[in-house]
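Only one chain is given next, in structure tokens, and it is the form predicted alone.
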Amino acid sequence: MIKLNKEELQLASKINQLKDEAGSHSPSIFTLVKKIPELNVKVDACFLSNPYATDLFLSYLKEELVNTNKLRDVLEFYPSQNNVISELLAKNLCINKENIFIGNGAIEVIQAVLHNFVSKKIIVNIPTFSSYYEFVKKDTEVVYYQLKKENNYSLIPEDYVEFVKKEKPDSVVIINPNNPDGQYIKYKNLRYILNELKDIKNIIIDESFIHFAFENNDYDLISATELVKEYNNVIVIKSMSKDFGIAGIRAGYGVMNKYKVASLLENGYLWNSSGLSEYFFRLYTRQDFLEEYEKVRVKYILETQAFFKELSAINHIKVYPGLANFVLIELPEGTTSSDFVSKMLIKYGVYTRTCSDKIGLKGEYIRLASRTKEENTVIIKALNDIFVNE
């Protein structure tokens, strides 16, 4: 059992207050440091991104914009419209530009889809990313499909299909890999689900963490994007924040039926990218950048999986297996997730994510992100210490 001393309790109260103010999301590092200057944050294991990809993006940004004084142009002048950036991505994604919708981060795509295409009933798997049940319209019924603890919160395709057919929704959401547990649905199982649910109006597949998943020893990327060509009801949503480590520039996209894209563009989503996000999307279409990115993607996957193996060897905690860049950890009996998060942050400078606000979890859980190899070493040392000495 983790206990906080008097000084830690005072700081923990402030941390918990900031978490309450942030709602179903976590306060940023910037907010924590500003509001609680006593904290010395060494590792942000709450935010989910590939730090090596951030380094790569910054190297291009410095060389091509900063050193050449072209950054002013990116900041001063208007970026291209949505359809122009879609055309840039079309070749890279092997999808017609009419099927691509660019968003100010994936969250804007999520809101646009939920508010424009989801009507009477939507099925959301729990536990999962809260926006899919928080941002629906008030008159939309949300039905939860409970992922079972005894199955490590993984989705069983046959059971899921049976549940959906019984409920008869107009829309369903599948996050793959899922957040916060990292469970991955294999491509063949995803196709099985789509074949069985052809009558569903909208099948939303959020693959914001797909770059961390793999099914072979070459770590090949397996995206559902191509399935939009085959299944007219599929909507693929993709955040670029996690795999490319660029949450601050707000870049995301959706791939869907061209009539859905046209409908969104006719309803105000015309100029919703920043100059920096356009610069990133242009990088994303370049072979030189993608070749370098692939190296850091695989490097990060290898280090992440090694990190998860080390975590699994720590006594007193249960680490749920997954194929994302984070793991779901169940804490020992008598330890609350809020106390754990506070102790890790105050004593060790490691910021982790409480899952106390995640519906569908039974027990006390935290979510822990993989960072650089050096930062992961700091995390492992802190966890070993906290469960030996506390």
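Residue numbers run from 1 along the displayed sequence. Just so we're clear, the structure is a prediction, and the values are computed from it rather than from any experiment.
Another form, the form predicted together with another copy of the chain, is not on view; read the next lines as being about it.
> Is there a heavy atom of residue 242 lying 4.5 Å or less from a heavy atom of another copy of the chain in the predicted bound form?
Heavy-atom contact with another copy of the chain at 4.5 Å: present for residue 242.
> Taking heavy atoms and a 4.5 Å cut-off, does residue 373 contact another copy of the chain in the predicted bound form?
No - in the predicted bound form, heavy atoms of residue 373 and another copy of the chain never come within 4.5 Å of each other.
> So in the predicted bound form, does residue 260 come within 4.5 Å of another copy of the chain, heavy atom to heavy atom?
No - in the predicted bound form, heavy atoms of residue 260 and another copy of the chain never come within 4.5 Å of each other.
> With the partner left out here, check for me: in the predicted bound form, does some heavy atom of residue 365 sit within 4.5 Å of another copy of the chain?
Heavy-atom contact with another copy of the chain at 4.5 Å: absent for residue 365.
> Where, among 172 to 180, 188 to 196, 223 to 231, 68 to 76, do residues come within 4.5 Å of another copy of the chain in the predicted bound form by heavy atom distance?
The contacting stretch here is 68 to 76.
> Which one of 151, 216, 267, 287 is close to another copy of the chain in the predicted bound form, taking close to mean a heavy atom within 4.5 Å?
Only one listed residue qualifies here, and that residue is 267.
> Only one of 155, 296, 317, 246 gets a heavy atom within 4.5 Å of another copy of the chain in the predicted bound form. Which one?
It is 246 that has a heavy atom within 4.5 Å of the partner.
> Hey, which residues along 132 to 148 are within 4.5 angstroms of another copy of the chain in the predicted bound form, non-hydrogen atoms only?
Read in sequence order, the residues that approach another copy of the chain (within 4.5 Å, in the predicted bound form) are 134, 135, 136, 137, 138.
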